[in-house]
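What follows is one chain in structure tokens, specifically the form predicted on its own.
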Amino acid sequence: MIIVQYLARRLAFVIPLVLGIVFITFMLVRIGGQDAVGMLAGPMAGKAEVEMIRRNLGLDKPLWEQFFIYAQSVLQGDMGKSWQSGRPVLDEILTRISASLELLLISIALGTLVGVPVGLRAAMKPNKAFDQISRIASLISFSVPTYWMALMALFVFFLGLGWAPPPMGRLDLAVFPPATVTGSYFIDSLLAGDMQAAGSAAGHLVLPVLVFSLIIAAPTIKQTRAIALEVLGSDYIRLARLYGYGKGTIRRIALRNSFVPIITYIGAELATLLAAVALVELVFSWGGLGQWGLNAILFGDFAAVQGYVLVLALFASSVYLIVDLIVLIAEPRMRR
């Protein structure tokens, strides 16, 4: 009952928040200075052709009327059509989001599995060799720009060593994609029994997953270490040491009491990673939602930009909601 009431309160907060994001995005893309009509018409188009395109796209109406029409359409599940492809924005999103989620979820799992244990071990022996090495490594990974790390990975493993496949999507050009079940080429290939496609998909996943996992693991190590150090310095840990508990027991107590702040931090990071993965997708020509959204921003595709930002807002709101529910279940004191 408490969880249901909590969900109702959170949804009552999320709905106006998403509407506000939709309004701000709608206004920003129109006052941003990009002339999308001119891009569509081309440099040789006359004034009459430009005006005709403007009327067809509904850009000749006042801004408030354009927003009212757009909001009404979104509530009916219609995000408009992409001006670049001519396809419905919702279809483009549904087609591409699985590619982004495949890369994102695998990278998050790997980055968390590395970052949390390393951060905990560093906190157990602060200022020792392992702690110093992990702090320096996480600082370097955290400081290096995402696109530079991706480009260097390609330079070393593709151009230099020849171990990685060319950055031309999720499969080799000679391999046909499997029938869509989950949206992940690797999993769908295994389900279809197509080992050639599964091998190709796995090979294309390795480098972008490695790059993005490092980007995720670096701040996770730093934050986990800081949280664990605070817990290890608490009174109940000192009391456990006085009672003569072993290192394994103290480690379990510290991990249990660090769980809520760590999962909260990981959730906050996850909420922003769907947008951050766009640069990795662009470098590796991944063809996911992030790459599509960046191209829409560069070419002034208003409908696509609005749909992309709306998906990011919904994704972030969903992640925060799920994290809050996990915290509510894992920490009984929060139910008060």
Partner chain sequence: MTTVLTTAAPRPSFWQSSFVQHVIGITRHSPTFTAGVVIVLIFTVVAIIAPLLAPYPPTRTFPDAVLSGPTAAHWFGTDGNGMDVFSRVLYGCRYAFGIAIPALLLMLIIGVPAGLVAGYVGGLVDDLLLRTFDIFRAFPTIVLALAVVAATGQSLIIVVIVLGFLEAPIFARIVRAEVLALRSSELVESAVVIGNPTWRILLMHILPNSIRGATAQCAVRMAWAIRVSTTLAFIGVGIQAPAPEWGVMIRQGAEYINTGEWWIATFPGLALVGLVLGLNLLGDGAQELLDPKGRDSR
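Source: prediction; values computed, not measured. Numbering follows the first chain given and starts at 1. The term rigid core refers to the maximal set of C-alpha atoms that superpose within 1.5 Å between the two forms.
FYI, the form predicted together with the partner chain isn't displayed, but the following is about it.
- Looking at 242-250, 130-138, 188-196, 69-77, the stretch with residues near the partner chain in the predicted complex, meaning non-hydrogen atoms within 4.5 angstroms, turns out to be 130-138.
- Interface residue among 261, 178, 167, 88 relative to the partner chain in the predicted complex, by the heavy atom within 4.5 Å criterion: 167.
- Using a 4.5 Å cutoff between non-hydrogen atoms, residue 28 counts as a contact of the partner chain in the predicted complex.
- In the predicted complex, the partner chain lies within 4.5 Å of some heavy atom of residue 225.
- The partner chain is not drawn, but in the predicted complex it has no heavy atom within 4.5 Å of residue 162.
- For the chain shown alone, residue 157 is not a contact residue for the partner chain in the predicted complex, no non-hydrogen atom being within 4.5 angstroms.
- Proximity of 184, 201 and 209 to the partner chain in the predicted complex is absent: no residue of the three has a non-hydrogen atom within 4.5 angstroms.
- Although the partner chain is not shown here, in the predicted complex the stretch 299-321 places heavy atoms of 305, 308, 309, 312, 313, 316, 317, 320 within 4.5 Å of it, in sequence order.
- After superposition on the rigid core, displacement of the C-alpha of residue 70 between this form and the one not shown amounts to 2 Å or more.
- After superposition on the rigid core, the Cα atom of residue 256 is displaced by less than 2 Å between this form and the one not shown.
- Shown in the overlay between this form and the one not shown, fitted on the rigid core, is a CA shift at residue 161 smaller than 2 Å.
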